[in-house]
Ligand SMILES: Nc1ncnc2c1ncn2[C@@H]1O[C@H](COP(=O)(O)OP(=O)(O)OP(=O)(O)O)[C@@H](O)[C@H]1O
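Encoded as structure tokens, the following chain is the form predicted on its own, with no partner shown.
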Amino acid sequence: MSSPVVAQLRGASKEYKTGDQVITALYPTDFELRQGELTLIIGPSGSGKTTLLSLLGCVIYPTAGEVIVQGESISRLSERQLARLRLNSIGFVFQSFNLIQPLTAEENVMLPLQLQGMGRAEARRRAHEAIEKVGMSDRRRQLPKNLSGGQQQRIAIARALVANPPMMLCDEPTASLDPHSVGIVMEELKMLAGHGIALAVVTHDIRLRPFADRIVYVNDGRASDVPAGDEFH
């Protein structure tokens, strides 16, 4: 039996106009992101994979077709409603970590909850739980500059999951990490998928393939599933 669909694209495409020229970043695409699955979105630079992730993340509207997240078609939502959907339903993890440097690791993880209006004491308690899940309790009072790249990424993962979002989107989360940290971070993400989060990981690194439940290959703005056992370059 298939897992519930958390987000999907129905014939969704994205075009950009520069003067008289129209650039197609993503051709009409059907895509489903399911609860409890870790999906790799893989392909070369400029292939359209980040556009696909941005549509799933409600960062951009589709030019045509539909993007549906938690049963809502995002084209019908205002910018304010989209921002609320992103805050409450989607965790984001970036290559550059995007931690706020003057804040401790704990304060960085608390921030999404405080933006939701949660009291400081409860936000701190929830942040402790999230940090513990990624094995960073002993570093929670450290500033980002005192953490290694792998440690910063694990704090970024804790921040993304602290609000218990149904989906998490990761844009090249291992690109800045050493091989040892790559394994640790991907094991953390795999564990989160096992606990029911729908996870999409954009990467150009085929070394992440063993961690995936599903692989989608994007090239020249076209996305297609990679059957198990197939190779690609």
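Quantities reported herein were computed from a predicted structural model and do not represent experimental measurements. Heads up: residue numbers just count along the shown sequence, starting at 1.
Below: the form predicted in complex with the ligand, not depicted.
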T174, T29, T39, T51: which sits within 4.5 Å of the ligand in the model of the complex by any heavy atom?
T51
Contact flag, G194 vs the ligand in the model of the complex, heavy atom cut 4.5 Å:
no
Should S47 be classed as touching the ligand in the model of the complex when contacts are defined as heavy atoms within 4.5 Å?
yes
Using heavy atoms and a 4.5 Å limit, would one call K190 a contact residue for the ligand in the model of the complex?
no
In the model of the complex, does V216 come within 4.5 Å of the ligand, counting heavy atoms only?
no
Stretch in contact in the model of the complex with the ligand, which is absent here, among 66 to 74, 39 to 47, 180 to 188, 161 to 169 (heavy atoms within 4.5 Å):
39 to 47
Any residue of 7 to 35 with a heavy atom within 4.5 Å of the ligand in the model of the complex counts; write them all down in order.
Y16, T18, I23, A25
